[in-house]
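To begin, one chain is listed below as structure tokens, in the form predicted alone.
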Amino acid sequence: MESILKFDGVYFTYDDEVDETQGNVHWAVSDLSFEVNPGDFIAVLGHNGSGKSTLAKLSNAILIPDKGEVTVKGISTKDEDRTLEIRQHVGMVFQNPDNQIVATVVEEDVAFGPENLGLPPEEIRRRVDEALKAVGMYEFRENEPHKLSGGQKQRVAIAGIIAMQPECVVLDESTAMLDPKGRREVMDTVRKLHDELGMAVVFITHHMDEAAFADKVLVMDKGKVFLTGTPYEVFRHVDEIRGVGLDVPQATELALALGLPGDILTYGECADAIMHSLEN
């Protein structure tokens, strides 16, 4: 199976000049290796400065590695002539939807990407309608984006990526600026992308509860992968996670406080464990 996205020994620095002989290069990410396969749902966790947003920007050629290789469907992101092709395979949703919305009408904004691909009008219309229906925003297609809520704006931004029909979507802390209702809207949309549309998802977040829904978790620290595995495998390392400035899901925290046994990530699992404890 060919991976959609692959990092192979990737290093990147924001320093203007790189002189490794001086030994003072600050690598934003270093020796970073992992891959995203069709159907994956990967959550990336890390405190501020851990390298997770740099990872996102390296994923579709917004940034180019200083060392190592990032490939998208076998295409190196260093190949500038194929940047548009790369971004058709891996789409990006940013933290602030206002930075991604470019039109004054919702459906026109979603059409922006397909239009740049030179698609015929009937295909653009089909993609726009399907993308807006997929994120639950079809009824708002003629609205002005600036009058929408934060969660609605983010769903419009996601629709704009869906309309490009990528195989993978990378979301860089796309719920960070939203209230709880907006976060739920976006998370429901992201799970739908994965579960119903079959897209691979790389979800970068600082909300532990959101990471609990992923198939795989990468915990980053100082530009490197610190822990990796399923959510159950990762979140059982409570002390190590707290040692890099993170926490565990709230349901896990509650279970630990109650002295409940086993791996618990969600409130449903916590409630079941409490009932089982009371019955015994």
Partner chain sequence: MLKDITIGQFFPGNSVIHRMDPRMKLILTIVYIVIIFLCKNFWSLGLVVLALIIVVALSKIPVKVILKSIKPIAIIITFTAVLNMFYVRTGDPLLDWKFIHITTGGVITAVFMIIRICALVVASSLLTYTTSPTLITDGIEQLFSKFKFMRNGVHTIAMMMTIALRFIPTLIEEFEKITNAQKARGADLETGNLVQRAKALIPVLVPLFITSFRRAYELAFAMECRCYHGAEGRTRMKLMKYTKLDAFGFAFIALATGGVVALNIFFQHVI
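Numbering follows the first chain given and starts at 1. On a predicted model such as this, the values are computed, not experimentally measured, just so you know.
Heads up, the form predicted in complex with the partner chain isn't pictured, but that's what we're talking about next.
Visitor: Specify the contacting stretch among 68-76, 205-213, 190-198, 104-112, defined as having any heavy atom within 4.5 Å of the partner chain in the model of the complex.
Guide: Flagged stretch: 104-112.
Visitor: Though only this chain appears here, would residue 184 touch the partner chain in the model of the complex if you measure heavy atom gaps against 4.5 Å?
Guide: Residue-level check for residue 184: no, no contact with the partner chain.
Visitor: Please check if residue 100 has a heavy atom lying within 4.5 Å of any heavy atom of the partner chain in the model of the complex.
Guide: Judged by the heavy-atom cut-off of 4.5 Å, residue 100 is in contact with the partner chain in the model of the complex.
Visitor: Would residue 57 count as touching the partner chain in the model of the complex under a 4.5 Å heavy atom rule?
Guide: Answer yes; at least one heavy atom of residue 57 falls within 4.5 Å of the partner chain in the model of the complex.
Visitor: In the model of the complex, does residue 238 have a heavy atom within 4.5 Å of the partner chain?
Guide: Although the partner chain is absent here, residue 238 would stay clear of it in the model of the complex, with no heavy atoms inside 4.5 Å.
Visitor: Given the partner chain in the model of the complex, answer whether the residues 88, 121 and 161 all have a heavy atom inside 4.5 Å of it.
Guide: Every residue of the candidate spot has a heavy atom within 4.5 Å of the partner chain in the model of the complex.
Visitor: Taking heavy atoms and a 4.5 Å limit, what residues of 124-149 are near the partner chain in the model of the complex?
Guide: Residues within 4.5 Å: 124, 125, 128, 146, 147.
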